[in-house]
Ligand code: F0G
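Given as structure tokens, the chain that follows is alone and in the form predicted on its own.
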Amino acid sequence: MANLKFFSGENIPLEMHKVRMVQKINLLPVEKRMQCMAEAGYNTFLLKNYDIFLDMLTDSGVNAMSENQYAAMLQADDSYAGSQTFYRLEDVLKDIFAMKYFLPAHQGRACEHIISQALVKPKSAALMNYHFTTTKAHITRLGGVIEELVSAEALKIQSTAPFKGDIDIDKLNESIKRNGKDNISFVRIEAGTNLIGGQPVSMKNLRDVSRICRKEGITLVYDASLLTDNLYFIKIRDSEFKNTDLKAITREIASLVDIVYFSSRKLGAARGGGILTSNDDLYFKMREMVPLFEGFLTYGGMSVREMEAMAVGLQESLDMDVISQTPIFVEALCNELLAKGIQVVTPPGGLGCHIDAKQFCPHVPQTQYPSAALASAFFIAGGIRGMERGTLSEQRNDDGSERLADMELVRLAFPKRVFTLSQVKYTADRIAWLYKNRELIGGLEFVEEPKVMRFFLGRLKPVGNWPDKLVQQFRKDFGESL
């Protein structure tokens, strides 16, 4: 389950699976990588997968499925209404979360859309530990506002706090008093806070938040997309749960909240999502939106084959040998980089290794998107596709000015059971080379900027000719090797 200690004293992550099917990947010459990056508008989302060596953009929809998941897909029931596939999935979810109702949706942001449509009113406040890009967009589109209530410790790059995703209880009480409970659409807790380094939320904090919400009559929403990482950290960082099985922990989490929603593109290693609740009023308020926006109530816009795979994947998510794989490989890369003087978010979280672009590129101002520039440089240097998690991922202020992000990060995600230790070491080596030559990296500026979710579709260009200089230095140091 955990890192294996060798006779040499070294701790290394141990793959708890064997490879039975492979997919060829390509490592292009550095000049071609620069050309591909330019054609993609220096936006890693717009790269073509064929041109990528290690795709560490996300863990969403790219996790390796198990043999049992593929086998389950063969029994899918294609009925439009009343499919047996739906009822199998529903039974699994009710068993794991012990909640009364399940509403299917095609992925996590579809769940956010439905929840926001049901609960967000103009000028109402949604309180949360930290926002996610799509969550914020759905809320603000409806005229709501968000307030982020993590502690100052959560926004420190390097820390020893084991649960940096916790809501600051004093901030929560102050916000409720200031806004008034009737003007709060909901309180949201995101497991494994995505934008601040995949940091977990403690059970104690969830209990405290739940008690306040129930006292005030405020709906508490739990984003369980990164639940498995959060479960892992609860098990290893909280002595209360050292000997508690994962299903019991999951059921306690569900018992403390009013709505659980998830993207199974992350949770369950399939492609879909859903909403769970035991509240009759909330269920009926959201139910009518599923046929309107997603599909009928027994498929919700999902393929039934994916639903079968999801049911099995969710059951496998209660196995520590399965859920430990991402966190221990993230920790391995973080430790490799820290040893080379490269600052990453600590303690290592789930989801991926988060590199501090401010420390890596202190000479690039935030208005020139240092995280996006660094992500582009990673691809040029090693064919590694990461994701910008900084100012580019923010929405502009109402006056058109930039909202500078709290943290400038490049996320190197670890899809479950996809990468090997040699690939981790290759990644660390190429990043170390780039760090040595970091003064060559420059900024970026927009040439095409969408008004909404600009980090998905926007196109940029370098400020100056720094990519050419980077390629020249690469050839000088590596010669004709790739």
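Only a predicted model underlies this, so the values are computations on that prediction, with no experimental measurement involved. A residue's number is simply how far along the shown sequence it sits, counting from 1.
Omitted from view is the form predicted together with the named molecule, to which the following refers.
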Exercise: N194 in contact with the named molecule in the predicted complex, heavy atom 4.5 Å: yes
Find out whether any non-hydrogen atom of T326 is located within 4.5 angstroms of the named molecule in the predicted complex, and reply yes or no. no
Please tell me whether any heavy atom belonging to R109 falls inside 4.5 Å of a heavy atom of the named molecule, as the geometry stands in the predicted complex. yes
State yes or no: in the predicted complex, is some non-hydrogen atom of T277 no more than 4.5 angstroms from a non-hydrogen atom of the named molecule? no
Among T219, N205, T134, S83, which has at least one heavy atom within 4.5 Å of the named molecule in the predicted complex? T134
Only one of T58, N43, S66, Q423 has a non-hydrogen atom within 4.5 angstroms of the named molecule in the predicted complex; which is it? T58
Stretch from 310-318, 340-348, 207-215, 225-233 whose residues place a heavy atom within 4.5 Å of the named molecule in the predicted complex: 225-233
Since the partner is left out here, which residues of 263-279 would have a heavy atom within 4.5 Å of the named molecule in the predicted complex? S263, R265, K266
